[in-house]
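A lone chain, given as structure tokens: the form predicted alone.
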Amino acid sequence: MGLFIPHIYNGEAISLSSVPVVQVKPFRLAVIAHVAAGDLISAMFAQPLGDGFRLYAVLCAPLREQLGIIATDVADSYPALTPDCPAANGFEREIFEQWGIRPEGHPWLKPIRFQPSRMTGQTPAVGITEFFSMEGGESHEVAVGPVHAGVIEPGHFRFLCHGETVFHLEISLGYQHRGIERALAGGPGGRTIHYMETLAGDTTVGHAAAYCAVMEALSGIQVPPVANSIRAIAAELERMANHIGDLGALAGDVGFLPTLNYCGRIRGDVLNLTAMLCGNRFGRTLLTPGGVRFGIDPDRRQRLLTRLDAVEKDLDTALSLMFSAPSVLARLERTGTLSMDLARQIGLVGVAARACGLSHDVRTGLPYGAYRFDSPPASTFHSGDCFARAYVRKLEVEQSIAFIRRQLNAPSAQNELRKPLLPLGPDRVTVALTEGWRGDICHVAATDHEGRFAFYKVVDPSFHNWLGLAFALRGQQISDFPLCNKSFNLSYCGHDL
């Protein structure tokens, strides 16, 4: 545990030179030990350094309300962490794909995004059509995507089945890669906030809040309390809108149309509340480094409260119907089950983790902004199935309504919305975590000698959770896939960046 130095707080900037750089073996052992003790790998990535690379790991210790950064220098290979720490799997595949640094002993180095190498500029020529296989009587493969019906984003799902039973699901993504992290290097610039707001379009506020926290830490400014309150209100409205939409979609997947129709309309009502804050239903243009662009006057405050009461009443009716219907419960319960131990091993975050009984929530474990003074309790359930993932959403919506009401009923006498941003400090590094509606959002940024971004790393919660969906399908009927998939509702573009 001594290598977990320096301890930093969420949204704190430190000198880049103060990040401890250790040998590969103690680096590896430290990450494995901390994850085994219940910590999370929030980010792991490499950056060129001389003739080699510097490998960074950001470890999250929610029980201690702390983050830690450690680093090691490697050449073209190092002993893989994944065999002893499955939560490192996606990070090591990404590092190998981007930089060609081979984690020796990794069981499956198929590219995770099929993006051009940052060293050669070439897209991987192998791996695109490589999938796990299974042989035997009645064994067969079912390929779904990458092009799907309607307007959903592209992703390929390969099911290995014996009859109707899924033995393994392999998920292949990378169709949405946009090169955002490369575009951020050398910034910030006029387009940076727009990149952040569209990293994952349904998580505009979550990613914009993390970016703003990065900028404020590197600039050394404090956000006005009113701005923090408005940011938190917007974040909870974003959580509500997406959870309500997912609950309706889950009802639709099991053929329960009353809640499907109710939630479709109620989700629109919640999006309209966000539009009342800034004129955009997804919260774009609201957040800005240093604060927010729009305040809440007394008349608008009262209208928000009135409409929130109507949303709560209608939602109670819709969800009471859903969670009291035997036909719904029969389909949700014991479908797509994950154990708490497996969820911890593979590093699940957010709703998917809390549905397995893990209580980690950035708002309570690593509070930021208004959550430092008023954080909703972490909503958990124990069964780890589709029912649990639906029920945790219901609990979180109820907590969000109560939180927004408290914030709106406690107006501050101060009305300052924004602090001017100062030049970013040179040779600094910061980690900012926010609790997006899917789970942990992690932004890591460092500045160079001139105060520009030397690197900027983004980890969307979907990056942690796609493997959870694959495990949830094991032993299930293939017809359960739409329900399980919707119970996670992960982001393609948030993963692919």
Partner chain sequence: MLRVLRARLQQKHRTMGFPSGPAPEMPDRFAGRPVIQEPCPGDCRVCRDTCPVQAIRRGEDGRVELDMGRCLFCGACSEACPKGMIAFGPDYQLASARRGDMVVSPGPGTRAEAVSELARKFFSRSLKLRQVSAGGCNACEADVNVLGTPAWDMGRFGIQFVASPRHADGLLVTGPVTGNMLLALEKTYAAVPEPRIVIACGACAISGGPFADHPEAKNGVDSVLPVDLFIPGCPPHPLTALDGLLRFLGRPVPDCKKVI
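Model, not experiment: these values are computed from the prediction. Positions refer to the first chain, counted from 1.
There is also a form predicted in complex with its partner chain; it is not shown, and the following applies to it.
Undergrad: Kindly confirm or deny that Glu153, Gly190 and Asp202 each have some heavy atom within 4.5 angstroms of its partner chain in the predicted complex.
TA: Heavy-atom distance to its partner chain in the predicted complex: all three under 4.5 Å.
Undergrad: Okay, which stretch from 329-337, 256-264, 397-405, 160-168 lines its partner chain in the predicted complex, with non-hydrogen atoms inside 4.5 Å?
TA: Careful reading of the contacts points to 256-264.
Undergrad: Hey, in the predicted complex, does Asp76 get a heavy atom within 4.5 angstroms of its partner chain?
TA: No, no contact at 4.5 Å.
Undergrad: How about Pro116 - does it come within 4.5 Å of its partner chain in the predicted complex, if we only consider non-hydrogen atoms?
TA: So Pro116 counts as contacting its partner chain.
Undergrad: Hey, in the predicted complex, is Ala183 touching its partner chain, heavy atoms inside 4.5 Å?
TA: Judged by the heavy-atom cut-off of 4.5 Å, Ala183 is in contact with its partner chain in the predicted complex.
Undergrad: Residue-level question: is Tyr195 within 4.5 Å of its partner chain in the predicted complex, judged on heavy atoms?
TA: Close contact exists here: in the predicted complex, Tyr195 approaches its partner chain to within 4.5 Å, heavy atoms only.
Undergrad: To verify the annotation, which of these, Thr364, Ser383, Gln176, Asn89, has a non-hydrogen atom within 4.5 Å of its partner chain in the predicted complex?
TA: The residue in contact is Gln176.
Undergrad: From the list Gly279, Pro423, Pro411, Gly105, which entry has a heavy atom within 4.5 Å of its partner chain in the predicted complex?
TA: Exactly one residue meets the criterion: Gly279.
Undergrad: Pull the contact list for 291-314: residues with a heavy atom within 4.5 Å of its partner chain in the predicted complex, in sequence order.
TA: Arg293, Phe294, Gly295, Asp297, Arg300, Arg303, Lys313, Asp314 sit within 4.5 Å of the partner.
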